[in-house]
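What follows is a single chain, given as C-alpha cells, in the form predicted alone.
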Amino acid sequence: MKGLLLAVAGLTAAFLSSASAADKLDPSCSGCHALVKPTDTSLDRLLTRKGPDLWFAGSEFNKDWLVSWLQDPKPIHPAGYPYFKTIKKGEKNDVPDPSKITPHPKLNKADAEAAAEALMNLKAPADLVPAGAFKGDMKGARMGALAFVKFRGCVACHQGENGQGGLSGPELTDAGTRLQPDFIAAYITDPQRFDPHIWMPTSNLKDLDIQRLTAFLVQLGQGDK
C-alpha cells in the first residue's frame, strides 16, 4: 500500500510539474500542441490536432536547437501537419500545397529562450524515455543507414541523409542536432506509446536494429554544427 501511495504521489508531482511548465508558455501554443498529456487518446483527436504533442518535449528536443529554431522556424514536416490535409495531386505524385501550410510564429531571442526553457521542463515519464535507451555505440551507424533506406523503409516517409526521402513524416536530416538519442531509440521502439494511432507503426524491432537506426540518426546534421 505504501508503495502504491508513493507511486501515485510521484505521478501527481510529475503532472503538476508539467502543468506548471506548460503555464509558462504562451497560451497560443496550446491551440496547436498538447502541453500536458491528453486524456483523450482517440483516433479522432489525432486526426484533428493542429500540431504534434509537446507534453514530452523536454525529453525529445535539444535545448540549443529549440532556441535557434523558435527564432527562425523551418518546416519539420515538409508536407505540413498533418500531411494528409496539406497535399494536392501532382503530375506524378501528391505534392505539398503551400497555401494550406501555416508557418510557425517567429519569436525574438528572449522569448525563444524562455519558451525553450519551459519546453525542456515538459519531461516524459522515465519508463517512456528510459535513460540509456540508446547505448551510445556509433559503430552501427552504417548498418542503420541501410536499414533506414532499404531494409526498414523509413525513407518512404522521412527525409534522411542528403534530404532524400518521403514527405509524410518529419524530416530527419538534422535529427542529431534536434533530437535526444534516448528519445530516438524509445520512439522507434514503440511510437504508439507516444502517439496512439499514429501512422508510424510499431515494428517490434530487435534492440540491435534500434541501436543501429538510432546511431545513424544521431549523426545526421552533426557536421552542420
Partner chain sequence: MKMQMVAAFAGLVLLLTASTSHAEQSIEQVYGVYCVQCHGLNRNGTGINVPSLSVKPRDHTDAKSMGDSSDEELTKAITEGGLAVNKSVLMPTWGHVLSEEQIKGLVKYLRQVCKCGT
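Numbering follows the first chain given and starts at 1. Values in this document were obtained by computation on a predicted structure and should not be read as measured data.
If you look for the form predicted together with the partner chain, you will not find it shown, but the lines that follow are about it.
Novice: Thinking of F151, S168 and D190 as the candidate spot, does the partner chain come within 4.5 Å of a heavy atom on all of them in the model of the complex?
Specialist: Result yes, every residue of the spot touches the partner chain.
Novice: Among the candidate residues A115, L128, I76, I87, which is the single one with a non-hydrogen atom no more than 4.5 Å from the partner chain in the model of the complex?
Specialist: Contact residue from the list: I87.
Novice: Quick one: does Y81 come within 4.5 Å of the partner chain in the model of the complex, counting heavy atoms only?
Specialist: Y81: no contact with the partner chain in the model of the complex.
Novice: Decide whether V67 counts as a contact residue for the partner chain in the model of the complex under a heavy atom distance cut-off of 4.5 Å.
Specialist: V67: no, not in contact with the partner chain in the model of the complex.
Novice: With the partner left out here, check for me: in the model of the complex, does some heavy atom of V36 sit within 4.5 Å of the partner chain?
Specialist: Heavy-atom contact with the partner chain at 4.5 Å: absent for V36.
Novice: Consider V95 of the chain shown here, and say whether it contacts the partner chain in the model of the complex, taking contact as heavy atoms within 4.5 Å.
Specialist: It does: once the partner chain is placed as it appears in the model of the complex, V95 has a heavy atom within 4.5 Å of it.
Novice: The partner chain isn't shown here, but in the model of the complex, which of 160 to 168, 49 to 57, 178 to 186, 25 to 33 has heavy atoms within 4.5 Å of it?
Specialist: Checking each option against the 4.5 Å cut-off leaves 160 to 168.
Novice: Where, within 29 to 43, is there a heavy atom within 4.5 Å of the partner chain in the model of the complex? Residue list please.
Specialist: The stretch touches the partner through L43 alone.
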